[in-house]
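So this first bit is one chain, no partners, the form predicted alone, shown in structure tokens.
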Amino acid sequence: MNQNTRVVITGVGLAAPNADNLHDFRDKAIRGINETTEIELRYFGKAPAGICTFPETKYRKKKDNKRGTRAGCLGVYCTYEALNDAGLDIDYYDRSKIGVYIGLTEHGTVETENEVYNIKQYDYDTKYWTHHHNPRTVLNNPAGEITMSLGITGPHYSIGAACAAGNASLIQGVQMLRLGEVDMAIAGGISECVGSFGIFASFKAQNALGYDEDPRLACKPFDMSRNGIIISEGACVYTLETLDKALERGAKIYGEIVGYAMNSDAKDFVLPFWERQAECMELALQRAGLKAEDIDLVNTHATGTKSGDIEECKAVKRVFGNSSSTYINNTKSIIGHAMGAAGVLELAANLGSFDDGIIHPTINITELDPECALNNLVINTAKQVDAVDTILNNSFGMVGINSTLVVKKYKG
């Protein structure tokens, strides 16, 4: 592996609960516009959720979407958008040297629940079970649907890393480029979880499902009245290229991935552990060759659970407590928790800071929890600063998996 190979982000495609393109997504993040709505799920009832609206047949026919999955539909849309954003024709690179790496928290739950529900009308006779079920539910399905749509013959697979999966996919892309395994990486995260009543029921059983009479106010990390996670669907895909190749073709460069780390709490199935989270951030900084005070913006993972927010705040205070120049925000307050897509969507919401120096706010904070009182936490209103040159992006997940990315503005 050539650790000196520099890897940059050249294209971004996304579908979020409040936008279907990066420009609108960034604009709404700065203005703190939350479009969470209330949905009703079979067997469960009503709950706040983030739902994506995007042109589902822009790049793939309706019959192909019907045969495939919601996750695949999201992935195909975002990949084409990322390639278009990057100004890349798919034939610019050898298709056998393009890798597709997609982070997932869960996959197959939605399809299985739907199929069980469908055969109910036949007294649960499994002869009516669809023959499409297996290819729809294998873990590599969303990545595979992307390759089939674009004729990519290089490696594809999904990264199962709970809610750290989006960050993990970008890390995988960087590593494969540095190894020379691929010449270009399509990397991102996808979540279709709002289609599963079981996910909502499980979070409710854990007393971790958030609620508010106004669903737009339901996701409130760091606030004293926070009461849990707001589940969202979404997807975000990046084109990653080596710096020399990006410069060779005159690409627009969003930023350079200069550091990353992943580690494990090895402690609990659900409860996070601040010491391992702090160590993850510290290792990412070390690999980036940066100190805490070199980071201009930390985007937190905080989901709106009582203990989870506090644990991350302990970690952030240990790493950045002495840095007066580091600002902190949270994107989930605006879009909810998009699970496997969370890290990549949240990074996308902040990439524009490199250009405009604006840090989008953490919204829905009425009374800040004293245990979450971080220095320079941007609350409710966007903050204009002199410059943002470095972003540290946190994403943590169940069964104790942590991920941190450090992205730097490319200055030539």
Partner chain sequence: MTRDEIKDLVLEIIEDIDEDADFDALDPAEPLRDQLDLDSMDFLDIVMELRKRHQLQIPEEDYPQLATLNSCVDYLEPLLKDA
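Note that the structure is predicted; figures quoted are calculated from it, not measured. Numbering follows the first chain given and starts at 1.
Below, we refer to the form predicted in complex with the partner chain, which is not included among the displayed structures.
- Note on the partner interface in the predicted bound form: the residue among Y128, Y157, Y93, Y211 having a heavy atom within 4.5 angstroms of the partner chain is Y128.
- The single contact residue among R287, K245, K97, H132, judged by any heavy atom lying within 4.5 Å of the partner chain in the predicted bound form, is H132.
- Partner contact region in the predicted bound form: 62-70, out of 344-352, 62-70, 369-377, 30-38, criterion any non-hydrogen atom within 4.5 Å of the partner chain.
- Remark: Y122 counts among the residues lining the partner chain in the predicted bound form, judged by a heavy atom distance of 4.5 Å or less.
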